[in-house]
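First, one chain by itself in structure tokens, the form predicted alone.
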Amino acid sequence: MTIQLYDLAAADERILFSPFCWRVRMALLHKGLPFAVAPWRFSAREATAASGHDAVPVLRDGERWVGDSWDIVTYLDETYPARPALLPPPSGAAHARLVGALCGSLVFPAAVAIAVYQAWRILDADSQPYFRASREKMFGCSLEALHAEEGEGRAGLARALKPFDEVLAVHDYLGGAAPTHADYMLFGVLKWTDIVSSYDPIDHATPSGRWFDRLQASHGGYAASAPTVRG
């Protein structure tokens, strides 16, 4: 049975944009595991009710349900050890957690200013009230007040990526010569902004921009071919 990944969809179900789901998508591609993506919406949570999880990503592998992007990645390494490791020992898990922590403190705040309001705009009408209420409670302001226009958004994201630029000016990937899940931790955040934003938020001339393009082109251009709001 093909692995099924439930991923957050816009009103247009071709547009699938969750940063955490993109981490899992890249992990599945890295492992070379065939999978199908099932669109999921806040207004239709019953699709994953059997999993016990009320948010995505949720992965179904045969009769096994796994939720939370980190738990899914560790599950994939434990269940498919003969395939390329996402968290290669001895330090892969610690390295990925470090990148995840840096994403949380530096990159997510800049990405939120670009992506959250624009994500609300593309959701189906039934999901929009929940999304607005939950995010405005989370951030303590309206979605409109949170939003950064193009110049501010691009500049803020570029500043947040400076520490990664220093690494990626020397190494092709955060994992070194080849990507590991540390790379996908950051990539998922940037792919979220790329998909939902009406403008291209990434400076492709920087080391992190070139790294993003390398990952976009990997696996036959899988990520590059994903629909965005820009077409």
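When you see a residue number, it is the position in the sequence shown, counting from 1. Everything quoted here is computed from the prediction, not taken from an experiment.
Another form exists, predicted in complex with another copy of the chain; not displayed. Remarks below refer to it.
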Where, among 159-167, 53-61, 202-210, 28-36, do residues come within 4.5 Å of another copy of the chain in the model of the complex by heavy atom distance? 159-167
For another copy of the chain, considered in the model of the complex: do all three of Pro109, His147 and Gly153 come within 4.5 Å of it, counting heavy atoms only? no
Quick one: from Ala113, Ile122, Ile72, Ala93, grab the residue that has a heavy atom within 4.5 Å of another copy of the chain in the model of the complex. Ala93
Any non-hydrogen atom of Trp65 within 4.5 angstroms of another copy of the chain in the model of the complex: no
Taking heavy atoms and a 4.5 Å cut-off, does Thr193 contact another copy of the chain in the model of the complex? no
Would Leu143 count as a contact of another copy of the chain in the model of the complex, using a 4.5 angstroms cut-off between non-hydrogen atoms? no
Touches another copy of the chain in the model of the complex: Ser105 (any heavy atom, 4.5 Å): yes
From first to last in sequence, which residues of 152-190 have any non-hydrogen atom within 4.5 angstroms of another copy of the chain in the model of the complex? Pro163, Phe164, Glu166, Val167, Val170, His171, Tyr173, Leu174, Gly175, Gly176, Thr180
